[in-house]
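Take a look at this single chain, the form predicted alone, given in structure tokens.
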Amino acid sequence: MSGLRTVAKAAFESVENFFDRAFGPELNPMHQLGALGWFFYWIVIVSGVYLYIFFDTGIHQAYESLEYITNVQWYAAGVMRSLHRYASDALIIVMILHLVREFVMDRYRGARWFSWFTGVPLLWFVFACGITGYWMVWDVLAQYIAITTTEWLDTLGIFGETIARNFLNPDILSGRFFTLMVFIHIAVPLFLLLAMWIHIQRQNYAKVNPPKGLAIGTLGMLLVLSFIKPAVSQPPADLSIVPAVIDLDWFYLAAYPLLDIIPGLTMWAIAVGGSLLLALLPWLPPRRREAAAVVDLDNCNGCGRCVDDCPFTAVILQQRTDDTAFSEEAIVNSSLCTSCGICVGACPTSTPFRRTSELVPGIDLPDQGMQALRDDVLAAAAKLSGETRVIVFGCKNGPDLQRLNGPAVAAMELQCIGMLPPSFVDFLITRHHVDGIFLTGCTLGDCHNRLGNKWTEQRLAGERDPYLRERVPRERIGKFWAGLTHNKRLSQEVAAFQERIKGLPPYHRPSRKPSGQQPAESS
């Protein structure tokens, strides 16, 4: 399974690399699938509200009102109808891609089970919205959907009388049916919105809006498509005949032809059983849990940086439980912790400059603590030779680091690149343990732990606490977010970085002025 997943990961990254080159990492749609899902949802809602103004719930009036929308007010309501249709189709596409991608990237097990488990019902809600929407048009496609769906529901045997009989005689069907469809078509999206909100509750800084450029470009493409190929109705429904030829929407109705050849109860077993299997995937098999981060109260001052930086809301602040002067302390919810170590990189006490006492930060990972990291880094640095000694820090979910090791290069694997405190970079360069530091990991915008490389970039740039101090020469820091598919390129980038630092003058740490010293006066 791991081999297949690695191949699938590489395939996804190859596609994403193409979009990176075309649009840049920030506007890469493959990195914004969840946010695009929210964006398409709001397009569907806004366009649906506009269409509702002109929709009539009568048996004949329903179809006629849609014809008015499409052919008479084509420049506004017609465009809205097309937007409604194509945004709905796009929502299905990004949802399926998002689901498959999270599975391939192994981001659904362990502490991440909640987002996956709550995401599965979203599929049922979205399909329910789309199918009831097609019913309301009341053309031959709606007639086919109504008959097929009600016959499928009838196989459950839970209704007092068959529902399908209502669509076999035009004298039985009334306008109340369309009123019911409108109610369902409005109510289900509201429940969908609630489910979407629940879906992101365990994610800190969850993306619900795509970048402005991507949103404008996507909306523009949908508008162009709406003008080039407007959504239209098929011939009106006629209950006195059985539709022979219809044009299906394969995004929402792909399973309907199967209902003609597979017994209804078997299809229920497939649909319900498949959904349950999908929902239970995080435990089939369960992910081996790594030890969660732990808090050391003797070194925690309740600053809250770990709370701000945790991608999965696993760290919170609560009232202090010891007798120190600090008012709050950090608490780790082990059931939410993914052991990424990003909180450790955020802790101001995770500094290797501490030499008078053991390096025990306010928050740390038991399986890869800061003390062990400092010892390993110093041991690796001591073995390097030459004038371009480089330590490469990388993520275990990123590129293959072992191929980088050599006489002048040592690679250190972290749980996540966001685990590395900026003070380690400061320590290794300003204390002359190495000549340069190189950072790598997942592709930019697609960190396995969501925010690791983003927080690292901001810490180095002085935009996020803890900051990299100004005294650290930036020209001695290199980075390349390689992912899984750029191993060769990563080796080239490290080699080029070594060439750059070869010609740099020796680094001299700025001297400190004695306390109270005044600047010398000019003569």
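Position 1 is the first residue in the sequence shown; the rest follow in order. Note that the coordinates shown come from a computational prediction; the quantities given were computed from them, not determined experimentally.
If you look for the form predicted together with protoporphyrin IX containing FE (HEM), you will not find it shown, but the lines that follow are about it.
This chain lacks the partner; the member of Phe427, Tyr86, Phe178, Phe312 within 4.5 angstroms of protoporphyrin IX containing FE (HEM) in the predicted complex by a non-hydrogen atom is Phe312. Of the residues Gln203, Thr155, Gln368, Gln73, just one reaches protoporphyrin IX containing FE (HEM) in the predicted complex with a heavy atom at 4.5 Å or closer; this is Gln203. By the criterion of a heavy atom within 4.5 Å, Gly48 is excluded from the residues contacting protoporphyrin IX containing FE (HEM) in the predicted complex. In the predicted complex, Gly478 stays away from protoporphyrin IX containing FE (HEM), with no heavy atom inside 4.5 Å. Although the partner is absent here, Arg289 sits far enough away that none of its heavy atoms falls within 4.5 Å of protoporphyrin IX containing FE (HEM) in the predicted complex. Taking non-hydrogen atoms only, Tyr63 never approaches protoporphyrin IX containing FE (HEM) to within 4.5 angstroms in the predicted complex. The stretch among 397-405, 87-95, 368-376, 256-264 whose residues place heavy atoms within 4.5 Å of protoporphyrin IX containing FE (HEM) in the predicted complex is 87-95. Contact with protoporphyrin IX containing FE (HEM) in the predicted complex holds for none of Ile59, Leu141 and Ile145, as no heavy atom of theirs lies within 4.5 Å. Shown without its partner, the chain has Leu91, Met95, His98, Leu99, Glu102, Arg107, Tyr108, Arg112 in segment 90-114 as residues with a non-hydrogen atom within 4.5 angstroms of protoporphyrin IX containing FE (HEM) in the predicted complex.
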